[in-house]
Each structure stands twice: as C-alpha cells, then as structure tokens.
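Just the one chain here, laid out as structure tokens, in the form predicted on its own.
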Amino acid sequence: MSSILTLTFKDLTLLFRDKAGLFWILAFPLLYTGFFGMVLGGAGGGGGSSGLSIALVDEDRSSGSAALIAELLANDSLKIARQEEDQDSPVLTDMETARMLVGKGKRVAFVQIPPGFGDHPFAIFSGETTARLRVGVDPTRSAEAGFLRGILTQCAFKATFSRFGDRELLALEIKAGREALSAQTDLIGPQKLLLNGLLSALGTFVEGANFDALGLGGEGAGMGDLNMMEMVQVQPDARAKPASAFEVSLPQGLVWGLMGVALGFAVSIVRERTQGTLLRLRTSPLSLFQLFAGKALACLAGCMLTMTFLIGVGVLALNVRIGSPGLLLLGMLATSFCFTGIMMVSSIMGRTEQAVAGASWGAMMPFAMLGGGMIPLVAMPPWLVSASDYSPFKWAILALEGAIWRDFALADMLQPCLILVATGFAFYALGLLGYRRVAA
C-alpha cells in the first residue's frame, strides 16, 4: 500500500507542477463558469423552448372550456406544457401538480379553468366571480404575469365570441347572464342597470344580426379583461431552481476541469511509456496492478482536489449555494471515479503523447457538449435531454447539480452516481485490457 501511495504522491506532484496543464484544470473552468454565468443571466426558469410555458388545469370540461383551450393551444406566445412528455394531453386535472410545477420553476404560471366557466360564458359581463379564470404565478416573474394576462384575455374573448354562430345557445346564455345579474347583491343600482342594458342590447343584436356577413369571432382586442380572472401568487420553492446562473455554470465548469485532469494523466502514462519510465517501474518489485492503482488513485485525488478548489471559489466569490454537502461529496466521489476510468481508456487511444491528446479531446468534446458541457441541461429541449443520456458528462453534471441546487434526496442521487461508477469500472477495465496491445 505504501508503494501505491508513493506513486500517487509522485503523479500528483508532477500534475500540479505542469503550469500549462494547470490552466486547463483550474483557470479555464473558472473562466468558463464566470463567463457563461454572466451570459446565461437568469437561467433555470422555464426550459429551452420559445413561448411562456404554463400548466393548464381544466376543472370545467365543457364545450366552453374546450373552446378556450383550443385558443390557448393555437397561440404562438404560449406553450401548454405536459407534466410528462409521454402524456396524450397537455391539460392537467390536478391542481397540486400544477402548483408544484410553478413553485419549482418548471412553469411560468398555471391557469385554472374552474367548474362552471363554460356554462354561461357571458357571466363575465355580470361580474360573477365563480366563472373567473384563476392564474397562479411566481411573484418574482411580474413581467411575464402581465404579458400572460393580456394573452389570456384575448384568448378568452376569442373563445367566447366564436360561439356567436349558435343563435339558440347564445340566447340561452344571455338569459342566464341576465338572471345571474339580477341575483347580484354586490353591484349598485346604476352598475346593474348599465350591465342589464348591455345584455338586453346583446340579445336584440343576436336575434337580428347576420353573423356570416359580420364575420364575428375576431381577436377581441382592446376590450379589457372585465374582471374575468383572478391572479394568485405561488410561493417559489427556493431549493428547486438555481438562485443564480452561476449555480448552473459551475457544474459545467467542473466537468471541463475534470476533463483536464483525466487527459493530463492519460498523456502522462504515454509519456512514461515512451520515455521508458514504465518499463523501469515494471522491472521493480511493483506489479502492474500497483502501477495503475497508483495512477488511478492519483487521478481520483486530482479530480477531488480540483473540484474542491473550484467549488470553494464558487461559494466564496460567486455566492453559489450548496444544498447538501453530504450528497455533494457523494456526487464528487462518483464523478471522480468515472473520470478516472475515462483517463485510463484515453491513455490507449494512441502510441504518442500528441496522438493521445488529439484523439482524447476529439472523442470527449462531442460527449461533453451533448451531456450539458455547452448547453445547460435545464435549457435543453426534450429530444436533446433524451440523447444526452448516452453521455457520462450528463450524469456527472446531474449529480453535481442535484446536490447544489436541484434539491435531490439520496434516492434521487443513486441513479446518476451508480451510472458514473459503472461507467468508471467499464472504462478502467477497457483501458487495462488495451494497455498490453498499445505497449507492445
């Protein structure tokens, strides 16, 4: 064991003496974290697709709510997001789920269509509160809330006035609206008289108008919202989304630093092989297992030291929060183990230092970009998130994000950590098997 520790200390000393290598291990990840943290700005709020992403809850399930949903789905400024990608319908039935999605920052807002909304669509003219849409928004996103209110008003009027083609239905709905108005006790006399006159004029219009010639069912712009929706605040879950973009860019910077460590050790194996150092070590009492165990332990320790330094800078200089230090240590160990395996398999990608360096960077770059090294996982479209499952970098970033800001429990951390450890074992074994062929 003392021989392995001696080899480990030797390799770590050589790693940190290489000033050019230290740039890619420490300086570049810090530059990456700072630059992309400033570029991303408010990352983490709504995913990587265009339009306001909202959760839609239909508790009415009437023809009126169906007309409103159709207008919302057709609006290019909105994305009615499914809870899960394999759902047949984007419309939810569970208010708790909708509230959770908004609280965790996965949706900008929820829109609740209450029971009775479609029964009497003209109840909005009478001020009836039971027919109002209920809109829940994160209080920190007031700009989106104002924009969403305008879109909902427009869509609701379009849905309402698109039903002008059914003359009998309109007559019944106007009658119901007048009855509801007469039952109102909160309105003063002049208000009730004015609204009743409006409904009477509307009834006269419905009886005699030529709908086809008038081409009704337009945008409904400029009509105001007539108190037709209730805005409520949803308390955000502070641990379910990053407090700043630096919490998103730091895990990305960490994996670039780990790439520098792993490929630095891979090149050192080739250098020792071409210079005869490994041959001399193999003539000593040391076994091949001890030689590569020392190299692996040095790479593992180098990865841990690099991440500790970078995370320390992130916490002290960039105000990065650590959600769970214990889970972060677990994620760091699993990630370091995976990159130790990557180091070993990279060392057999060529016979010279230049060949290994070029082949390793060329092979790892696509996996790094696919796995979230360039585009943050929270900003990826769903199809790219699915494709990133084949990159170990995705699981490394997910394990680190899970402990930093994703609020992972231990059960949530098991999947990425087990994948990282299994990948590390597989790559290390492949590297050992290929060593004899390359060294021959």
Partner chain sequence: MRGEPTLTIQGLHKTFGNLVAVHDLSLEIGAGEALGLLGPNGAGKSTVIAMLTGALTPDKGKINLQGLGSPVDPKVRALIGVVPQNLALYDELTPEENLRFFGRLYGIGGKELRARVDWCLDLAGLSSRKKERVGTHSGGMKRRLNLACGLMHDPKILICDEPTVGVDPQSRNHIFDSIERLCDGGTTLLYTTHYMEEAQRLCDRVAIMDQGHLLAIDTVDALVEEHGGDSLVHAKLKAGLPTDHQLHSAMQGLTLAHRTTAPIEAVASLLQVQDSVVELRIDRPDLEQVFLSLTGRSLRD
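Keep in mind the model is a prediction, meaning the values are calculated, not measured. Residue numbers count along the first chain shown, from 1.
Here the subject shifts to the form predicted in complex with the partner chain, a form of this protein not shown in this document.
In the predicted complex, R282 approaches the partner chain with a heavy atom inside 4.5 Å. Within 4.5 Å of any heavy atom of the partner chain in the predicted complex lies no heavy atom of N319.
L432 falls outside the set of residues with a heavy atom inside 4.5 Å of the partner chain in the predicted complex. Within this chain, G150 is remote from the site of the partner chain in the predicted complex, having no heavy atom within 4.5 Å.
Proximity to the partner chain in the predicted complex, taken as heavy atoms within 4.5 Å, picks out 273-281 from the listed stretches 365-373, 273-281, 345-353, 309-317. Proximity to the partner chain in the predicted complex, defined as a heavy atom within 4.5 Å, singles out one entry of A293, M95, A176, L286, which is L286.
Contact residues in stretch 1-15 (any heavy atom within 4.5 Å of the partner chain, taken in the predicted complex) are S3, T6, L7, K10, T13, L14.
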